[in-house]
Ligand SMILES: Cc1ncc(C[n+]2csc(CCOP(=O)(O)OP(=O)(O)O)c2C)c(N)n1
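Here's a solo chain for you in C-alpha cells, the form predicted alone.
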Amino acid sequence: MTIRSTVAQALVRFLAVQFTERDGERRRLIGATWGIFGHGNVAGLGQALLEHADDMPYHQGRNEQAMVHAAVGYARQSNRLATHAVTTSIGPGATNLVTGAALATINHLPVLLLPGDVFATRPADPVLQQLEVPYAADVSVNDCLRPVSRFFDRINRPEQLIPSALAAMRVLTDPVETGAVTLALPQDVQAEAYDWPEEFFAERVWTVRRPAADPAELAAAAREIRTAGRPLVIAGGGVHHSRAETVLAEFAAATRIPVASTQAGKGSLRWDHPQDVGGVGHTGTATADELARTADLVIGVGTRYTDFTTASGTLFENPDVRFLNLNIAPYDGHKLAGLPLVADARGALAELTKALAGHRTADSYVTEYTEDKERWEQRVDACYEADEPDVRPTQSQVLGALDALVDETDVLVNAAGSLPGDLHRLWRARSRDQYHLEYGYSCMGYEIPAAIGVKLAAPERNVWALVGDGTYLMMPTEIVTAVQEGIAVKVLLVQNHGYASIGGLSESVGGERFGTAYRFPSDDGTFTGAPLPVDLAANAASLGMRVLRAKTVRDLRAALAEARAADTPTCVYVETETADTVSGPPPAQAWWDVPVAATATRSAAVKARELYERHVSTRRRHL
C-alpha cells in the first residue's frame, strides 16, 4: 500500500508519529514545529503544516535563530526526550539558523532544522537568494550548517527522504551524538508528489539507551576512589541529561566526597546538600576552587572540562592529581589523560556506590569543606543583603530578591553577560532543573526564546528569563510570540548601560573598557559620555508585554512578586547600581585565559601582560 502526498506533507506526517522511550517513559519526539515562511518553504512545509494542523502544532516565530533557541529550551526541559522542528526559507532565513545550530550541537541538545533550499531541478539558474559558487554547482548557503550539525542531508529526490528521515531520528535520540540535525529541502522537491509506502507513517519508538559500564573500567574506577585522600566530583550537564541527580546524591552521601558543578551541572545536588560545594572554575566558589587545587582525584561526571571549568588548565594544582571521567561519550571520557568510565551516568554511579560500600572520606576532609562551605554561604548572604530598601539595588541584590521569592518549581534561564558568573557563584539551586544556564555557547539573545521553550515544555512552572540590557537588545523579538500565544514567561530585565561582563574583562586585560558601554562618544573617541536615553521598558511594552518598573529594592521585591503571580507575559525592569565591595559579587576565584597584547604603549595593557604571563606560567598539561 502507498499513500500519495508531497514530500513536505510526508515529512510532517512522519514526524508526528515518532516517539522516544526511556525508563518506561514515552514521549512524542517532535512536539511542534516553529516556522517563518518565505518563497523557499511557504508552498512546501507551510502548506503541509496547514494540511496536517491536527497532527503537528505550529508556533509562529519572529527570528530564525530565536526559533532554534526556543526549540533547544524545550528539548533541555524535556530531558532530551522531545524537541521541536524549525523551518525557514532559503537565504537569510536559513543562514540565521547557524548560530542556534551551533548552540544546540555544542550543548548536546537535539533540534531538527528544516531550511528551504534552492531548486534541485535548476529550472532557472540562479534563483532568488541563490549563492553561486563557480567551482561547485551543488553548494547553497545551507552548507554553512554542515559543521554545526550532527547530521546533514539535502533531499534532492523524494525517495531520498525515507532513509534520511530515519537517520535524522537516530541522531536526535542518540545520547552521545545528539545535537542539531539538518534536512535541507529544495523548494521544488518539497512540493513534489510521490507514492510513499504506508509503513513510513507507522508509529515508531526510538529507545534512548543507557549503556552500562564495562566491569573492568568500573573496578578500576572503584580502586582509584578508594586510594584517594582528597577526591572531588565535578558534576556536568550529563548528570541532568541522565537524570542521575538522585543517585549522585546517594553516592555523595555514602562516600562523603564533595561535589562541585559546572554551569551545565549546577543543581545536580541541592545547594543545601552537605556535599554540595557550589560552582567550580573561573565562575566558581572559593570552596570548590580550593578543593580543586588540592584534589588528588577529580571525578568528572558528564562534563566536557571546558576552559571555564579547568581555569584554562591552571586549576588542578596538586602534582599528583589524577582524573576519573564518567561519561557516556568516549571522546570526553578520555580527556585530561583520565581513566575513562564510559557509561550512562545514572547506572554507573549506582554501581560505583555499591562497589564502594563502606568507603568514606576522612573526617578531617569533611570538616574542612563543610566549614569552608559555611563561610562561603555567609558571603552569599552579604551579597544578597539589602539594608536600605529604598535605594537602587546592585545586581547581586537583584538576585537576592529573586532568591527570597522563588521555590523549587521556578526555572531560571540565562546565558550571557555578567549574570552567569554571579549566578554560578551565588545562586542556591533548589531543584534539578531550576538552573537553566546555556554556557556551552554562552549565546546572547538565548534567554527569552529559550524561556518560551521551557514554558511550553513545563506550562505549570514559573519560568524566568534573566536578561541584561546588552542581551535584550540582541533578541527581544520573541516577546511578540509570547504575547501572541499567551505564554506567561517572566522577563527580569537588568539595565546596567552596556556589556558589563565584557567591560570588566576588558579592564582586566588592558582594554580599558573600550567599546563596552552604551554611552555617547566623548571627545577622545571613547564611548564614555552620558548613558544613552534608551528606554528598554518602553520597548518591551511596545511589543505587547506587561512591564513593571522597579526603582528601589522595595519596588523590586513587590514587582517580582506581582510578576510571579501573573498569568500573562510580564517583564520586571530594574536599573542596577554599580556594585561595591560589600554588596557586590565576590571576584573570580580562578583564572581564565584571554590573551593580552604582547606589546603596547598604554600602561594598562603593559601591566595586564605582566599578570597574564604569571598566570600562563602555571598552566599544566595533565598526562
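Keep in mind the model is a prediction, meaning the values are calculated, not measured. One rule holds for the numbers: they count along the sequence shown, beginning at 1.
One more form of this protein exists, namely the form predicted in complex with this ligand; it is left out here, but the text below deals with it.
In the predicted complex, residue 267 stays away from this ligand, with no heavy atom inside 4.5 Å. Within 4.5 Å of some heavy atom of this ligand in the predicted complex lies at least one heavy atom of residue 443. Though the partner is left out of this view, residue 91 does not reach within 4.5 Å of this ligand in the predicted complex, counting heavy atoms only. By the criterion of a heavy atom within 4.5 Å, residue 421 is excluded from the residues contacting this ligand in the predicted complex. Listed stretches are 259-267, 496-504, 158-166, 385-393; the contact stretch with this ligand in the predicted complex is 496-504, by a heavy atom cutoff of 4.5 Å. Note on the partner interface in the predicted complex: the residue among 332, 289, 469, 344 having a heavy atom within 4.5 angstroms of this ligand is 469.
When this ligand is considered in the predicted complex, only one residue from 476, 179, 340, 417 comes within 4.5 Å through any heavy atom, namely 417. Contact residues in stretch 215-234 (any heavy atom within 4.5 Å of this ligand, taken in the predicted complex) are absent; none meets the cut-off.
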